[in-house]
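Read the single chain below, which is given as structure tokens and is the form predicted alone.
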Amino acid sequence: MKLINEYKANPKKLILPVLVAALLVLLGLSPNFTKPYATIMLGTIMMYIILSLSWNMFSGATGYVSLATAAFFGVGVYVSAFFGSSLSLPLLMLMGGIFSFVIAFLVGAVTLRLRGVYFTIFTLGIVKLLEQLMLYLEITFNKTRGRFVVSYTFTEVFYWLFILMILVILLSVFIKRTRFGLALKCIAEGEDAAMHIGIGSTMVKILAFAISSFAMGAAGAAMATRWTYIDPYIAFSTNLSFLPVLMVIFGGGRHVFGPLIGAVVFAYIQELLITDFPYVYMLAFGVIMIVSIIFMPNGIVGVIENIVGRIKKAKGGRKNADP
């Protein structure tokens, strides 16, 4: 009701949601009029959008930099590997999300009493721990390093990722407007002060960490069915821990649309660089990020806000100057 009243008071606020809705409808219809390669590419972009928004849901909101994205994504990948022959894709995604949620809750209960770089290092350690644990189990019991996964059509995976992406976008918007989201913001601005005013910071952080991991695991379960073959190094690739962070920085983490824009642009740049410059694409990523941090500290969304603010300021100055 509050949201409806906001739009009634200022109808111009409807422009962006309507534009986003139109783009989502167009995206949902795209497999009907695009080539299979485009469907695959769009599915990859949606995966990065899900991972970036999920990462920002916790780390962007609290200021705790997590590098555990690859861990929860990999859990979802192995859920598909183990249960793919007996469960449908949506059930695999649901199970991947639940497993990731439970693991994140347990990990968060232990690690979210740490702060700063200690927490970041620990979360990266979780990725390597799960990677080596799965490698040991595969070699010891399966006698091979990896395994095959039951595959689904690219179009089917696309639509389930599309549904998951919309749910994550809606959840990100919803959390920002709740008391839970306000508690996360208070933690980012001053955790000790937040605790003094009665916010149970540890439990709030654990819940946010676990909620954000659910979509990561679900996305991993869906993507595994596209790869056909997986092993621990594929499932727990550290690139999947670092790239969502870079995408959020590039797009801007203060608004929901920042990670979305950053993921779209970065994923497309990645595809172009891997195709045309496979040996230097990570170097190019590094240069892009250095330039972004120096000249766009608040990301692309921050640049847009500055431009819009200057235009409004200029218009206001002209009105005041008119007799």
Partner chain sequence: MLTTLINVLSSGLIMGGVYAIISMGLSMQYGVARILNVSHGEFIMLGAFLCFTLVRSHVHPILSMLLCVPVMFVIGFVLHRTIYKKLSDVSGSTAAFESNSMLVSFGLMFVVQNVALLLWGSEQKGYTFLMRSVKILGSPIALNRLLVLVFAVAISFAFYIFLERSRLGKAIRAVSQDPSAARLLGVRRTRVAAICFGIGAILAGCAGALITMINQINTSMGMNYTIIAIIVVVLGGMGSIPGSLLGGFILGFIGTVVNYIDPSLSLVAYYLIIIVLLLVKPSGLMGGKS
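Not measured: the values here are computed from a predicted model. Numbering follows the first chain given and starts at 1.
What follows is about the form predicted together with the partner chain, which we do not show.
Student: Could you confirm whether Thr120 comes within 4.5 Å of the partner chain in the predicted bound form, counting heavy atoms only?
Tutor: So Thr120 counts as contacting the partner chain.
Student: Mark Leu170 yes when one of its heavy atoms lies within 4.5 Å of a heavy atom of the partner chain in the predicted bound form, and no otherwise.
Tutor: Taking the distances in the predicted bound form, the answer for Leu170 is no, it never comes within 4.5 Å of the partner chain.
Student: Using a 4.5 Å heavy atom cut-off, state whether Trp227 contacts the partner chain in the predicted bound form.
Tutor: Trp227 lies outside the contact set for the partner chain.
Student: May I ask you to state whether Met41 is within 4.5 Å of the partner chain in the predicted bound form, using heavy atom distances?
Tutor: No, Met41 is distant from the partner.
Student: Which of these stretches, 267-275, 46-54, 290-298, 32-40, has heavy atoms within 4.5 Å of the partner chain in the predicted bound form?
Tutor: Selected stretch: 290-298.
Student: Which residue, Ile249, Ile175, Ile103, Leu207, has a heavy atom that falls within 4.5 Å of the partner chain in the predicted bound form?
Tutor: So the residue touching the partner chain in the predicted bound form, by this definition, is Ile249.
Student: Looking at Ile234, Ile163, Ile98, Leu114, which is the one with a non-hydrogen atom within 4.5 Å of the partner chain in the predicted bound form?
Tutor: It is Leu114 that has a heavy atom within 4.5 Å of the partner.
Student: Please determine whether each residue of Leu87, Thr153 and Thr155 possesses a non-hydrogen atom within 4.5 angstroms of the partner chain in the predicted bound form.
Tutor: Checking in the predicted bound form: none of Leu87, Thr153 and Thr155 is within 4.5 Å of the partner chain.
Student: Pull the contact list for 55-79: residues with a heavy atom within 4.5 Å of the partner chain in the predicted bound form, in sequence order.
Tutor: Heavy-atom contacts to the partner chain in the predicted bound form: Val65, Leu67.
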